[in-house]
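Before any questions on how it binds or moves, here is one chain, the form predicted on its own, in structure tokens.
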Amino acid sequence: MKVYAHRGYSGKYPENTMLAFQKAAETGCDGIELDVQLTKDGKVVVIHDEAVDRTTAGTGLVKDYTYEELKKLDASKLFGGKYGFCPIPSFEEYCQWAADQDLVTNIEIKTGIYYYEGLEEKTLELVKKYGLEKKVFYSSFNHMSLIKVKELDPQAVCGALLEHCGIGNAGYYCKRFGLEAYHPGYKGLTEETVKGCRENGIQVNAWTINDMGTLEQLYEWGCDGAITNYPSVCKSWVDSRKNNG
């Protein structure tokens, strides 16, 4: 089972910042999950919320800021200045760094609440620019965005994001629409769903796994990936299970 750092090492460091990504890489985790959105001037940036209020001292929507305005905001608000100033990174900055890392990146296309025009195209352009095509996969709650990604790059690996309630017959659903993975919230996930996905050749990467009981259960069910805020703990546990047979 692969371990993906949710918004980087977000359990200990400011989420979706280069610091969180760098600290995640140091844990030896298999990959990083992050979120992309578009600024007012069409720059792809890495941030989870459509508004900047929760993670910065700013207010308002990402789409209403230019990139130059956005990068002046400190994204470490939730940590009270513990780590100094942590800007919201551009996706290009992340790609430049990731090109030299032995990591897979789960790129969440944030079009489920506000549909950004051209976000899929701009994201894939940057992935291609830095030669990351074989080191990324895409997910989104807006499954039409995944269909668009497939139109732009038929070889792209995509995962259908679902809330904890999930969707019935998930394996067939993903296979029917050419998606390689299913990304459910873990609370509604069952062993039967995992089995159904496997029977249809669909990977299962569940989020957000922050307790050992859930991690062990998913491992026993044969999930392909755990998306977690604490990659160090999860990676150590998975490695110990593998080493002990």
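Since we're looking at a predicted model, the values are computed, not measured. Numbering starts at 1 and follows the sequence shown.
Only in words, not in the display: the form predicted in complex with SN-glycerol-3-phosphate, which the text now covers.
Across the options 209-217, 172-180, 28-36, 196-204, residues that bring heavy atoms within 4.5 Å of SN-glycerol-3-phosphate in the predicted bound form belong to 28-36.
Although the partner is absent here, Lys40 lies well away from SN-glycerol-3-phosphate in the predicted bound form, with no heavy atom inside 4.5 Å. A residue is said to contact a partner when one of its heavy atoms sits within 4.5 Å of a partner heavy atom; His48 meets this definition for SN-glycerol-3-phosphate in the predicted bound form. Although the partner is absent here, Lys148 sits far enough away that none of its heavy atoms falls within 4.5 Å of SN-glycerol-3-phosphate in the predicted bound form.
When contacts are judged by a 4.5 Å heavy atom cut-off, Leu73 does not count as touching SN-glycerol-3-phosphate in the predicted bound form. Just one of Phe141, Tyr130, Phe79, Trp97 comes within 4.5 Å of SN-glycerol-3-phosphate in the predicted bound form, counting any heavy atom, and that one is Phe141. When SN-glycerol-3-phosphate is considered in the predicted bound form, only one residue from Cys234, Cys223, Ile227, Ala20 comes within 4.5 Å through any heavy atom, namely Ile227. Residues of 145-183 placing a heavy atom within 4.5 Å of SN-glycerol-3-phosphate in the predicted bound form: Leu161 alone.
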